[in-house]
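In structure tokens, the next block holds one chain alone, the form predicted on its own.
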Amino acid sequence: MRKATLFAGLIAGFSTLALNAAQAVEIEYWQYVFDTRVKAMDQLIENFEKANPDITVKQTTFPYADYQTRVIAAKMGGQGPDVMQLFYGWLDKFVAGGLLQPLPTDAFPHDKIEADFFPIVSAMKRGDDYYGLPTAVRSLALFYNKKLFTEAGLDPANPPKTLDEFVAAAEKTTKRDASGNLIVAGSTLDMGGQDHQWWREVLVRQFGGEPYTDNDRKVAYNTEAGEKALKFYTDLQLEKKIGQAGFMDEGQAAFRAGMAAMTIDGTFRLGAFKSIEGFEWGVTELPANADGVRSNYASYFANGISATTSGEKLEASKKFLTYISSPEAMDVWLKTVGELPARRAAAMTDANLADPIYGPFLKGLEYARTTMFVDEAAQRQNTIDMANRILLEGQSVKDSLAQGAAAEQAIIDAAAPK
């Protein structure tokens, strides 16, 4: 009798497990490969699944260079993620390709979004609809190697505050061998990294211009101010000789290897730089011009829901997106990746503002702009090409600037609704 009771209990237990398994919903989340971001999302998924045992989240990642192609190809094949990460500058392409659905307003009311998040969240809105929400936002700052500063006789407690001081510090920290080959760059020069943002949204403005007008749909930098800004940038290699495009392949690689004294980069590098044992570095606001004018560039990756997700998967996706956009998730992201919380109240705490690392980035957010790209990859490549024609081919700054402005205007015009 006892054996029969135990057997019946086991059957009931297995039946309950089977029922729970049958009722569990699995959704898939996609992002690109970046070690600290993947680690942070693993933690968020673990937290979410503990609180929602009826939902399983599978994370899938791809190399950054392949990511957009994989998302588009999956959509064409009738597959793909339920929740996906995307750069805000890809939104027009993703909406036009039918990859995203508007965020359901029952879970994501617009008044709450606009009250809680930094204003740059509006870059994820088209017409009356939001298509995604960020977990974190990024701004730029000047990273500097304290050891290289000390070796050059510079005070690491007093990093450059102006463009002139930046150039002077870069000249003092640059090292070359007997043949003149660069062995330590005073500063990285990497248009493919964040320098294209520095030139576009910071230097152009500091030299008296603006990069775009008409809601970023009209190129406006083919001016004297734009020419001065581009000459300042390319002269860092050609005249000041404080760095070299392509040195160590990537600017961040040169900096983390101790082969560059300074680099301009974003908050997303903090997690990686912090992990290097014995690496002493600091962060300061981007240099102002001689008149004290500052500017910055703010950006983010958002998370959105696939256009094809529906039914119980849609309900599960709404819950997951709500969690990864929560203050708790933002705290995990800040500690693991280094990117700032996208909710203003979560970011602008006294502790964060006083932090020597987070503080400069938060200050930068106060005067940052967010470029409304229509095709971020193409517009970035156009800026890279514009600099390379000067650095590698000897084209004049004026001619390369004019060529680049015309090419970018064509990119923008091609993306306009027909």
Partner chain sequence: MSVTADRQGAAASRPDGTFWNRRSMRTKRLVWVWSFLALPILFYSVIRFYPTIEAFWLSLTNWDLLKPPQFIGFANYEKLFADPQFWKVFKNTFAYLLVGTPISLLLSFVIAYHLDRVRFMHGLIRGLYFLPYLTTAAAMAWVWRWFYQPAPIGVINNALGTIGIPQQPFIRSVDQALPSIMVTAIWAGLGFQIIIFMAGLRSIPNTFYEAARIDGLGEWAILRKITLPLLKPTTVFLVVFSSIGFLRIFDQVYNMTTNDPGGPLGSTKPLVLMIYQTAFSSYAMGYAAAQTVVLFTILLCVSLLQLWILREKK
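Quick caveat: nothing in here was measured; it's all calculated off a predicted structure. Positions refer to the first chain, counted from 1.
The same protein also has a form predicted together with its partner chain, omitted here; what follows describes it.
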Heavy atom within 4.5 Å of its partner chain in the predicted complex: which of 38, 357, 384, 372?
-> 384
Listed residue (99, 167, 103, 329) with a non-hydrogen atom within 4.5 angstroms of its partner chain in the predicted complex | 99
Heavy atom to heavy atom, is residue 116 within 4.5 Å of its partner chain in the predicted complex?
-> no
Proximity of residue 33 to its partner chain in the predicted complex, heavy atoms at 4.5 Å = no
Going by a heavy atom distance of 4.5 Å, is residue 351 a contact of its partner chain in the predicted complex?
-> no
Is there a non-hydrogen atom of residue 182 within 4.5 angstroms of a non-hydrogen atom of its partner chain in the predicted complex?
-> yes
Spell it out for me: taking its partner chain in the predicted complex, does every residue among 69, 72 and 392 have a heavy atom no farther than 4.5 Å from it?
-> yes
Which of 134 to 142, 245 to 253, 153 to 161, 224 to 232 lines the interface with its partner chain in the predicted complex (heavy atom within 4.5 Å) | 245 to 253
Looking at its partner chain in the predicted complex, which residues in 264 to 302 have at least one heavy atom within 4.5 Å of it?
-> none
